[in-house]
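Here's a solo chain for you in structure tokens, the form predicted alone.
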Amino acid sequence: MTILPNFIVFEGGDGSGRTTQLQLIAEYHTTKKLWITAEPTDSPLGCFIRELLHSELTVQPETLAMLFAADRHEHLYAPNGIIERCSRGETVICDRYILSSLVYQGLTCGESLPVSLNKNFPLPSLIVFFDIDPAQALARIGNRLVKDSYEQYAFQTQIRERYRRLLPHYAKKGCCITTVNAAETVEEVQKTVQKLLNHASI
């Protein structure tokens, strides 16, 4: 399995604070060769996935898993995508990647299809897992105007359990895994994340 240098992924359940931390990183590192991105992407395909998650439109869980994998393939291999940027020395930090599919779609359509769809994608050099009790996370996002179908306590509890179960497997594959206590304040989490990035020379 290929490990992409300079490729960092933030993972965690809904409301864990990943997006907030990415926004702070973008504000702080304005002169660095740094690309901050996310999945689903802002491509037409990624926007369609977001529409499915945030509306009453429904597709089969297997269809959604395939859409996520197609969006990821473009994210990686399209011109100026993740692989091209990493190969020219840029650092890429992505909000969600393979593990999100194995965790979320693994619960909705079973493990075998997400594993098959994602088995040939390269792995990040660092995975930062934002760990938080689902009740606290959902309380944080309770006032969101737009919610997706995954933001339910029982489901988020299963999400946390699956992350904790799968992360050690990726450590064995060569990814560096770091868990952040996402229950801390934004400022405390920011200090922890910045130390990780400093260690990674960002």
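This one's a predicted model, so the numbers in the text were calculated from it and none came from an experiment. All residue numbers are counted from 1 along the displayed sequence.
Form predicted together with a small molecule: not shown, discussed below.
Asker: Evaluate Pro40 for contact with the small molecule in the predicted bound form, applying a 4.5 angstroms cut-off between non-hydrogen atoms, and reply yes or no.
Answerer: Output for Pro40 is yes: heavy atoms within 4.5 Å of the small molecule.
Asker: Does the small molecule come within 4.5 Å of any heavy atom of Tyr150 in the predicted bound form?
Answerer: Flag for Tyr150 set to yes.
Asker: Using heavy atoms and a 4.5 Å limit, would one call Ser101 a contact residue for the small molecule in the predicted bound form?
Answerer: Residue-level check for Ser101: yes, a contact with the small molecule.
Asker: So, in the predicted bound form, is Thr19 in contact with the small molecule at a 4.5 angstroms heavy atom limit?
Answerer: Thr19: contacts the small molecule in the predicted bound form.
Asker: Ok, Leu138, Leu53, Leu167, Leu34: which has a heavy atom sitting within 4.5 Å of the small molecule in the predicted bound form?
Answerer: Comparing distances to the small molecule in the predicted bound form, the residue within 4.5 Å is Leu53.
Asker: So if I measure heavy atom distances to the small molecule in the predicted bound form, which of the stretches 55-63, 22-30, 150-158, 171-179 falls within 4.5 Å?
Answerer: Heavy atoms within 4.5 Å of the small molecule in the predicted bound form occur in 150-158.
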